[in-house]
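The chain that follows stands alone, in the form predicted alone, written as structure tokens.
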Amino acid sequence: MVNELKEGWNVNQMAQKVARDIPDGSYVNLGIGIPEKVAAFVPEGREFIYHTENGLLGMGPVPAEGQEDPELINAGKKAVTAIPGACYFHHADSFTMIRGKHIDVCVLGALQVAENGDLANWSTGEPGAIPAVGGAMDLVAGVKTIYVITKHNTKTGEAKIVKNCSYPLTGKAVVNRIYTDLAILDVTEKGLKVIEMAPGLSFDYLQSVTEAHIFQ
């Protein structure tokens, strides 16, 4: 590995870059964790309609402290608000929207992403590991565009952007674009194309911390 310590983008900057790339008027589902932060960064002049699989279309921002409604939560059980015109529906209807390909963009976290777009984000497969399937398998199968937002490497320095996923798959060849703290990568037929790198980062360093092959 090239000896080049880089801090990269923070999670808010990562989320802002995802929001920048979502087309105006999109119906968007946000996964639990870092993806939830995307809701705070809607570019001026654009409107996104946020969908949460527990039954809300038109999810608004996080409420002010003390203004939480315990009956108004997202799929991650966090308090949210509802925008004017929002609607509520049965859990089954929510998944009908997903499976019927009515959601334009989904932003998910990841344990691993392979260079061909395979996604693993629900279990490490280790004995005793707590599975967290949620709606991810339906989302990657039914949503038109899949964005992954994740740290480039694990806390112990292991690659998360890999040649082939070693963890159980959520979906095969489903990811369109990857946003990490170090780079933005497009999944193409030729492999992972570097769209943008964090300031001061060299391509050689990025490749050294990425198991998958990348190109510019």
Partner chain sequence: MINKIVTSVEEAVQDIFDGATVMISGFGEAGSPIELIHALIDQGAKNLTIVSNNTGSGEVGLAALIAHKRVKKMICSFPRTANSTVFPELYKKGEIELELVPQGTLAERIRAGGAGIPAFFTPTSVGTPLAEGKETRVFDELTYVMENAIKADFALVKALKADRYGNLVYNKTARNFGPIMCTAAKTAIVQAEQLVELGDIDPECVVTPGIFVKRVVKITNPAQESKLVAENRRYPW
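Basically, rigid core = biggest C-alpha set you can superpose within 1.5 Å across the two forms. A quick note: this is a predicted structure, and the numbers were derived from the prediction, not measured. Residue numbers count along the first chain shown, from 1.
Keep in mind that the form predicted together with its partner chain is not shown, yet the notes after this line are about it.
- Interface residue among Glu65, Asp69, Glu47, Glu158 relative to its partner chain in the predicted bound form, by the heavy atom within 4.5 Å criterion: Asp69.
- In the predicted bound form, its partner chain lies farther than 4.5 Å from every heavy atom of Asp104.
- Contact check for Asn116: no non-hydrogen atom falls within 4.5 Å of its partner chain in the predicted bound form.
- Remark: Pro61 does not count among the residues lining its partner chain in the predicted bound form, judged by a heavy atom distance of 4.5 Å or less.
- Put simply, Lys172 is close to its partner chain in the predicted bound form: some heavy atom of it is within 4.5 Å.
- The candidate spot formed by Glu53, Val133 and Met137 lies fully in contact with its partner chain in the predicted bound form, as each residue has a heavy atom within 4.5 Å of it.
- The stretch from 161 to 169, 37 to 45, 176 to 184, 144 to 152 that comes within 4.5 Å of its partner chain in the predicted bound form, counting heavy atoms only, is 161 to 169.
- Along 176 to 191, not one residue places a heavy atom within 4.5 Å of its partner chain in the predicted bound form.
- After superposition on the rigid core, the Cα of Glu47 moves by less than 2 Å between this form and the one not shown.
- Shown in the overlay between this form and the one not shown, fitted on the rigid core, is a CA shift at Glu158 smaller than 2 Å.
- Superposed on the core, the two forms barely differ at Asp186: its CA moves less than 2 Å between this form and the one not shown.
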